[in-house]
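First, one chain by itself in structure tokens, the form predicted alone.
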């Protein structure tokens, strides 16, 4: 299961995410780019820890059309948005961990600022704990096309790096391939846990 077979790599990542408990109750969705026109994304309502290759659907990036007629995950439009915005993105992971969900609610601003953590260097291009890493936060919506349009408009003036949070919902992150997306997910989840515990301690 290597990047020589991106779907195998994604499948392994999904099982790992399931073991972490970051996608409870069939939540979350994962995808990998398949050339310039398509991506493969998890089918709706599937336990991410129990996925097989048959649980991934081919989706047209430009239109969100699913040739098979089956139902992809609800947030498919957020995945195709990232592939449309950034050709270098090769994989997208969307999770529902407790830490990301809670932090996205208690942080009232439009972005979560992470600074002072050595693990910031798990994110591509980060070289120092002194730099600020800002993870944008968007309000949750059941209207995915409208949410995707809002994120796309924001990205016109604020390039997206690593990931974004949806308030009360979870994290969407990505990378140039599955391995990098998985590293970003693990790094961000560690940082979220540190930040949440720090805030709890400071509030005492």
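Values in this document were obtained by computation on a predicted structure and should not be read as measured data. Positions refer to the first chain, counted from 1.
Absent from the display: the form predicted in complex with a small molecule. The rest refers to it.
- Partner proximity in the predicted complex, defined as non-hydrogen atoms within 4.5 angstroms of the small molecule, places exactly one of 49 to 57, 131 to 139, 66 to 74, 146 to 154 at the interface: 66 to 74.
- Shown alone here, residue 175 lies farther than 4.5 Å from the small molecule in the predicted complex, counting heavy atoms only.
- At the 4.5 Å threshold, heavy atoms of residue 163 stay clear of the small molecule in the predicted complex, well away from it.
- Contact between residue 169 and the small molecule in the predicted complex is found at the 4.5 Å heavy atom cutoff.
- Within 4.5 Å of some heavy atom of the small molecule in the predicted complex lies at least one heavy atom of residue 45.
- Across the proposed site, 33, 36 and 80 without exception lack any heavy atom within 4.5 Å of the small molecule in the predicted complex.
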